[in-house]
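First, one chain by itself in structure tokens, the form predicted alone.
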Amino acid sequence: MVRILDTTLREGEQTPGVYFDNHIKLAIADILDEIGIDIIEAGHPVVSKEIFEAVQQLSAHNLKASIGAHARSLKQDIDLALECNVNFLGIFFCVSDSRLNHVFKKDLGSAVDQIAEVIAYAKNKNPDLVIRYTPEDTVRSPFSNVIEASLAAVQAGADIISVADTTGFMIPGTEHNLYDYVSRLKETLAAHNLFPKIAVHCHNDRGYALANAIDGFRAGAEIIDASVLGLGERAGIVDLAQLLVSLKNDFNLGNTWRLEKLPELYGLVSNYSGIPIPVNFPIIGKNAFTHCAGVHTHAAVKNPLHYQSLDPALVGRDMHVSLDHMSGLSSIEWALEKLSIQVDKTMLLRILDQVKSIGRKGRIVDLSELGHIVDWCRKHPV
């Protein structure tokens, strides 16, 4: 069974301008827990006193989800994370030759020794701690370097190896794809008689984060990282709602996930992050289950599946029809039925004409205004 790690509170706060006060972090975590998220990555404690306190508070909040902290391969980071009483710790260190040489001034052997030492240190401090090691920018680093670091990490006590597509480099169907990468990684580790869980962390720089995550899952990854609205560095990462709906609807997983809580979660995160939900955003966007063109609405009113591949009830939503310049008679009939209003054919055509006229001004008529239009048409017969 795949496990979901939500990193809205850690990766999400790396979105420029996004910061959540601790009471909002708690509210977000509560809804994530209600949905059934397995791991909530609460933050990187060394970054600030406020983040340290937030991670500590979430760890003490008695959620069903595991609470995780983020840490560099440094003992000071480990100590702070352990002070927060987390039960999940993500440790990262790159193994790219160019970054090791030009940024850290280390060779691979020294880096691997540091990774193993820090992981063993954390495991010795808390044997029950679940540790994830991430070779940062995994997929663009030499595979032999990734394997050397991963073997040392697992032997030192790491439970999970995370494949990080840090720059959104991977593209399904090309030679650089996550399905082949995860498959090769698992096979190579198994050949050394090591079987850590594999996680995937996919950035969306080129728009393939969700597709790459699904590729990783199909290859056997047991943990997938995501965030609300796909928040994160640059173009962000995998969007949580899209991931959960795909896994549940298309791969028949997660029957206990309470997806009807997603709109509430997204409203909360959008409000306090200052990042609006795009109207055309899949699953959660205002227009995701709204039909506009007359041909579409005529068919959708009879059977929504004619123009929907998902039942909006899955995420606690309903189908809607937009009333504007594209509307047809079926749209007006649908809306009037919602208002329990009956009119004859002549009146129906007058109402449609008024709606189209308003729509040509760039406005959408909501149900409340439609009621006023009906009253006006009745009081002002032709």
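Each residue number is its position in the shown sequence, starting from 1. The structure presented is a predicted model; accordingly, all values stated were derived computationally and were not measured.
Just so it is clear, the following notes concern the form predicted in complex with a small molecule, a form of the same protein that is not shown.
In summary, among the residues Tyr266, Phe92, Tyr179, Trp257, the only one with a non-hydrogen atom within 4.5 Å of the small molecule in the model of the complex is Phe92. Exactly one listed residue, out of Thr297, Ser227, Thr134, Asn212, brings a non-hydrogen atom to within 4.5 Å of the small molecule in the model of the complex: Thr134. Segments offered: 121-129, 105-113, 238-246, 157-165. Contacting the small molecule in the model of the complex at heavy atom distances within 4.5 Å is 157-165. When the small molecule is considered in the model of the complex, Gln14 lines it closely, a heavy atom lying within 4.5 Å. The closest heavy atom approach of His203 to the small molecule in the model of the complex falls within 4.5 Å.
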